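As a starting point, one isolated chain is supplied in structure tokens, in the form predicted alone.
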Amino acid sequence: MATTSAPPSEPFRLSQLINDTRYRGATIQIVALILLMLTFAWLVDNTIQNLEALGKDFNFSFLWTSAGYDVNQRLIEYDSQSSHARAAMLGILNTLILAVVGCVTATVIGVFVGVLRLSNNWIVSRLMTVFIEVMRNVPVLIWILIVVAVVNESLPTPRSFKGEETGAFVLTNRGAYFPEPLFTNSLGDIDVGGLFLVSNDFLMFVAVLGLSIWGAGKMSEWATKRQNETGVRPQILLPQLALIVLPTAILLFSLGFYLGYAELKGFNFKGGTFVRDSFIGLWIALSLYTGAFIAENVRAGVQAVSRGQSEASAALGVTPGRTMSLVVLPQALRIIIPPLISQYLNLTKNTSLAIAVGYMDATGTLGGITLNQTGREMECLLLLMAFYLVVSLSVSGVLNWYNERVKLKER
């Protein structure tokens, strides 16, 4: 009986790295990676040599020297004798708080305007169209300057409140004053690396609230499982509210929680939580500007949902408002979220324009005064780039994770 044997394998030749399709792709990628690494190494070496020629070295010890300048918006304890690291941390916190509240407000504005632009009312839809086109086609820096100027000129001065009862919230042309959370039985603070103080009261509040929300989520999962088994969903709304509210309320009561209001003393208000006029102007301008772009994303997402979905809902007697919230928007989210990521990132990076109106963010502190005072432009810019890179990747990662949760799963 005849037998067949496999042909002898050819010995490997270096020419196969280019001529053989099995190896060509890997070869090109390896060569490109080596060239990229060599280019990066050359840039680093050239930078070090240039710094040495200027009599500079590369280190970050300047971060622990005295800053010598003030920051007008402070979320943590700070004075001019604090270190550059604390000033940079303060600027980073100012950037983050502006980005967070801006993204939330811009989302609300974007959804509201985007839905109204699709309204059957001709006047409403045209007004929303005008708003979107005007906001999108004017540079954001101009909007920031306009809004901050309006805030300064339209709000009253602190002196105008003399002899009046101001209440919990005070709006002036210097900024806004909100109630300040205070505790009579405070647990003290924790110093984190000499950069900032973290209140133990705040940590306890976050821990208790987080555990309560986690428990409410587990309760919802149990209710869904019970519904799948029996066809009847248990009523868990009140137990969930109790689970969230009661532990938090007990903690606040035990800590002696109360609110401190701002009071007019001399020519200005003292006490309370102060938010500068520049923050208010930036918040409004960035929210309106980014909200116009989000509105277009919402409009595109809604229009991508088949009209048959709305018609079927209307045939069942569902009102247009509930059809939009329960039928159309949940499906449109799968289309809205990917471009929404870019809008959040754009808003976060646009906060770097805050220096134009005197709001001290990360660009104003680390990339501005600290850089000019220390002459450490390379170190400061690298730290600033790293901060924006981490924030952008974090926002993108969270929204991509949410996008995976809401998109259709194929069988």
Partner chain sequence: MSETQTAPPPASAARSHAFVASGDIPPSPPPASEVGPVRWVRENLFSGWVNSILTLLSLLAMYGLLSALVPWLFLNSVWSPDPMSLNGCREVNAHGACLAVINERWLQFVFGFYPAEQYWRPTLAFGLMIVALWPVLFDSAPRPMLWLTAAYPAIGYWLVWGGSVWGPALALAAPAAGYFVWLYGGVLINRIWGEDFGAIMSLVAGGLAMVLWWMFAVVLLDGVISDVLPLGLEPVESSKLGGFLLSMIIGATGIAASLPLGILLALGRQSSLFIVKAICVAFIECMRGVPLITLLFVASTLLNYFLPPGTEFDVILRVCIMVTFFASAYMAEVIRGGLASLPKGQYEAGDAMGLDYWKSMRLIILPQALKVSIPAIVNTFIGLFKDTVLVSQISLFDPLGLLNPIRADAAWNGIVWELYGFVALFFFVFCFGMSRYSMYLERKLKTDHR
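We call the rigid core whatever largest set of C-alpha positions still superposes within 1.5 Å between the two forms. Residue numbers count along the first chain shown, from 1. Just so it is clear, the structure is predicted and the values come from calculations on it, not from any experiment.
The following text describes the form predicted together with the partner chain, which does not appear among the structures shown.
J.: Within 4.5 Å, heavy atoms only, which of Leu211, Leu182, Val150, Val108 is in contact with the partner chain in the model of the complex?
T.: None of the other options qualify; the answer is Val150.
J.: If you check Thr230, Ser160, Gln81, Asn121 against the partner chain in the model of the complex, which one has a heavy atom within 4.5 Å?
T.: Selected residue: Asn121.
J.: Where does the partner chain sit in the model of the complex: which of 122 to 130, 243 to 251, 173 to 181, 329 to 337, heavy atoms within 4.5 Å?
T.: In short, 122 to 130.
J.: Please state whether every one of the three residues Gly25, Trp42 and Val134 places a non-hydrogen atom within 4.5 angstroms of the partner chain in the model of the complex.
T.: Yes, because Gly25, Trp42 and Val134 each have a heavy atom that approaches the partner chain to within 4.5 Å in the model of the complex.
J.: Is Phe293 part of the interface with the partner chain in the model of the complex - any heavy atom within 4.5 Å?
T.: Residue-level check for Phe293: yes, a contact with the partner chain.
J.: In the model of the complex, does Ile18 come within 4.5 Å of the partner chain, counting heavy atoms only?
T.: Heavy-atom contact with the partner chain at 4.5 Å: present for Ile18.
J.: Mark Ile76 yes when one of its heavy atoms lies within 4.5 Å of a heavy atom of the partner chain in the model of the complex, and no otherwise.
T.: Contact check for Ile76: no, nothing within 4.5 Å of the partner chain in the model of the complex.
J.: Taking heavy atoms only, is Ser61 within 4.5 angstroms of the partner chain in the model of the complex?
T.: No, Ser61 stays farther than 4.5 Å from the partner chain in the model of the complex.
J.: Residue by residue through 357 to 376, tell me which have a non-hydrogen atom within 4.5 angstroms of the partner chain in the model of the complex.
T.: If the 4.5 Å heavy-atom criterion is applied to the partner chain in the model of the complex, 357 to 376 yields Thr363, Gly367.
J.: Can a Cα shift of no less than 2 Å be assigned to Asn346 between the shown form and the other one, given superposition on the rigid core?
T.: Shift at Asn346: below 2 Å after core fit.
J.: Fitting the rigid core first, would the Cα of Val357 be found 2 Å or more away between the shown form and the other one?
T.: Stays below the 2 Å threshold, so no.
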